[in-house]
Structure formats: structure tokens, C-alpha cells
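Next comes just one chain, in C-alpha cells: the form predicted on its own.
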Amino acid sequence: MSRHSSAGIAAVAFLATAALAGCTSTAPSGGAPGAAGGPIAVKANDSACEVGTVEAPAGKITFSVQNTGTKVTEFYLYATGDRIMGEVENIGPGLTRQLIVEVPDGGAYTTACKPGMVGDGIRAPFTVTGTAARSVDSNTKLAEATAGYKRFVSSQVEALVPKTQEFVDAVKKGDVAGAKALFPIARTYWERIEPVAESFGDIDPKIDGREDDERDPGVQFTGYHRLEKDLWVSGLQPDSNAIADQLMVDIKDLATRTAAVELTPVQLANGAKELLDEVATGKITGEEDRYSHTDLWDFEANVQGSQAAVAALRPVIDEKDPALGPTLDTRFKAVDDLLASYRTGDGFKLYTELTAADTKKMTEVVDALGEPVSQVAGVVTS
């Protein structure tokens, strides 16, 4: 888990020093889902995604997503090119979860429900009208906070590029042992910033796609996990070098894109929760690194990224809900302490060494942390 003395996270924490100024908008807030002045109701099931309205004014937009189906689902709001404006994952059958997004620019967007959390989802056009002031534009200190988090992202990307290059070089030299050792280390930097990386819908599947993900016909299984399979299961293949080269091209593309990305406080809050959803749905289950079983490295990195985002917003949280911050501290520490018990050397036990009791404890502490983290978006936009 994230260490509270982490220099990168501490740097983010002190940069966020003022309360959030809400963005100017006529977007609905409060009230019952679907009612005038309330969140936009979304009814999702295994074969439909019914959005209460197809249009909303620019600014803060809230969706209340109810899963009436039998499969776990997700809900997304996409901009052009499948750029993710906001998402809420891991909505179990019978549950309702909120998604708050800041959309300052009018235009054409897309909503999507993903029953089973796979594929492109059930999509529909969504229009945002007018324009709204960005929250960071109306508060200099808040702008400094989001800029501080962006510097955290930049620092992770600056480490991701050379460490992935080391991994790629080891693969191309046929140094299987070296590549195996570098695999979870390189991925750490990716996992810490996964919500930002995933916001680029076309690049994430190439870098972090899994073998059984749905793909368009003719699209290859590439990226980290394809090389993971080659290293741990099938042995290096005739095209492993080409796959490694493409991974490096995609990582450098990611670095270029993140340098230009604009972040909002709501994205930080949503990203903090998305990272915990990643832990719950991929790391605790052993699904993510299914060949190497290095899931706990990813687990730690996801929580570090979540804590960095929360730290950036902490002064806002403390002003608007003084009880929430100490609760977050306690819950993050509980996850830190549990993960520390699975350390071995410079890394962690493999997933295959864990027992059912171990994964149950992990689920409990992550769920306990996820509850207060899910409140952050609402607090900072109140």
C-alpha cells in the first residue's frame, strides 16, 4: 500500500490548500434521481441502458446508476475518441451508485453501460449544452492542487518510460529472468496512474489488455500481459520482440498525451475510487496478473495512486467534512498494514501463495476504504 512518507504523495498533499469553488452551471443537483433538479437516473440491466435524459447543461453533471440486471456493470461518459470523462465501476446487481463529472464544454458525448464489465457497452448519444467555468479557473489554490497532482502523474510517467524500456530490452535480449524481475516494477508506475492512462480509450487496451478481453476482429493481444504470458507460460515467441517494441511505442504515446491532459478535482476524486475498484475486481481476484501472479505489486500501486488523489483534495475535504479525513487516514493505514504482512524481500508473496482467508481479509479492508473514498467526489463538489 501507499506509504504515508512517500515523497511524491506528500508533494501532492501540501499543494492542495484551499476549498473547492464549484463550477458555474445550471446542471441539476440534489433531489431524487430523475426529478427536476436531481441527478440523471440511469437504469442499467443485462441488455439495456436507459438514461433519464439525453441532454444536460455544461458544468457538474450527476448520474445515479441503478443496476437492475443480474451482472455486475459499469457506467461511462465518453467524449470524442472515447476519452473517458468519468466512470463508475463494479456496480453489483441491485446496487445504485453515483457518478459526478465536471463537463465544462458543450458538445456531443456518449453514455455507455457495460453489463459484465466487458466490451464497448450499450451506448447512446448524450448532448451537453452551453459552457461552464472550470472549477480550477475560479480558484487559484485549487488550480495549484490539480497542478500538483498532475506533477505526480508526470513523475510516474517519467519513471514508467525508462523502466518499461529496461523491461523491453530484457525481453529482446532473451533475458527471461531479468524481464520477469522487471515486469511488476515497470507496471507499478502504470498502475499508480491507471485512471489517467485509461482515459485514453484507444491506448489502454493495447498496453494493458487481457487475453480474454473483447476485441475487434484482427486486433492482436498485445502489451504487458501478452509479454507476461510469453515469459511465464508459453516461452518467448517469434513475435515477442515486435510486441515489446509496440509496447514501448504505446508507452511513449501515453507519455505525450498525459503531458497535455487537463485534470479536474472531480476526476481526482473519481480516479481515487476507480483505483480501489481495480483492486477489488482484478487484484484481489488474481485476474490481472494471471500468469506471473504478481498481483500484490499492482494492488499496492493502485492504492498509492488512490491515496495521492485523495491527498491532493485533503484540504478541501477537511474544510467541508472534517470527520471524513481522519476516517480516510485510518482506512488507508489498515490497508497498508495488511499488505505489509505479505511482503517478502523487496516485493510481495505471489497470489498463488495466498489463502482464501487472506483474500477475504483483503476484500474487507478494501471495501472499508472504498466507502469513505466514494464520498470524496460529493464532498469536494458540494
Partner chain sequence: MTPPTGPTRLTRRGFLGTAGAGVALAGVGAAAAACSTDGTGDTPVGIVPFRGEKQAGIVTPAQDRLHFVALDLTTTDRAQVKGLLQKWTAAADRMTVGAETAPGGAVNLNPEAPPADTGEALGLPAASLTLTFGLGPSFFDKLGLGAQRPPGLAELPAFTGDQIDPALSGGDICIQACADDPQVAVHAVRNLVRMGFGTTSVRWSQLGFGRTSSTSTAQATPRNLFGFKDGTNNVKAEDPAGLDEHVWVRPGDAPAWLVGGSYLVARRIRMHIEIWDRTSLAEQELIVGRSKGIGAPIGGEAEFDLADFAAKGADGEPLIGPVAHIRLASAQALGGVKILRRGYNFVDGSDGQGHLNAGLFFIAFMRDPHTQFVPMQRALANADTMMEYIEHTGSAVFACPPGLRDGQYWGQAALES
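Keep in mind the model is a prediction, meaning the values are calculated, not measured. Positions refer to the first chain, counted from 1.
Just so you know, the form predicted in complex with its partner chain exists too; it's not on screen, but the next bit is about it.
Enquirer: Since only the chain is shown here, I'm wondering whether Ala244 would be in contact with its partner chain in the predicted complex (any heavy atom pair within 4.5 Å).
Expert: Judged by the heavy-atom cut-off of 4.5 Å, Ala244 is well away from its partner chain in the predicted complex.
Enquirer: Spell out, yes or no, whether the shortest heavy atom distance between Val266 and its partner chain in the predicted complex is within 4.5 Å.
Expert: Yes, Val266 lies within 4.5 Å of its partner chain in the predicted complex.
Enquirer: Check whether Lys320 has any heavy atom within 4.5 Å of a heavy atom of its partner chain in the predicted complex, and answer yes or no.
Expert: It does not: once its partner chain is placed as it appears in the predicted complex, Lys320 has no heavy atom within 4.5 Å of it.
Enquirer: Please tell me whether any heavy atom belonging to Lys349 falls inside 4.5 Å of a heavy atom of its partner chain, as the geometry stands in the predicted complex.
Expert: Looking in the predicted complex, residue contacts with its partner chain do not include Lys349, since no heavy atom lies within 4.5 Å.
Enquirer: Using a 4.5 Å cut-off on heavy atoms, what residues in 348-371 are near its partner chain in the predicted complex?
Expert: Heavy-atom contacts to its partner chain in the predicted complex: Lys360, Glu364, Asp367, Ala368, Glu371.
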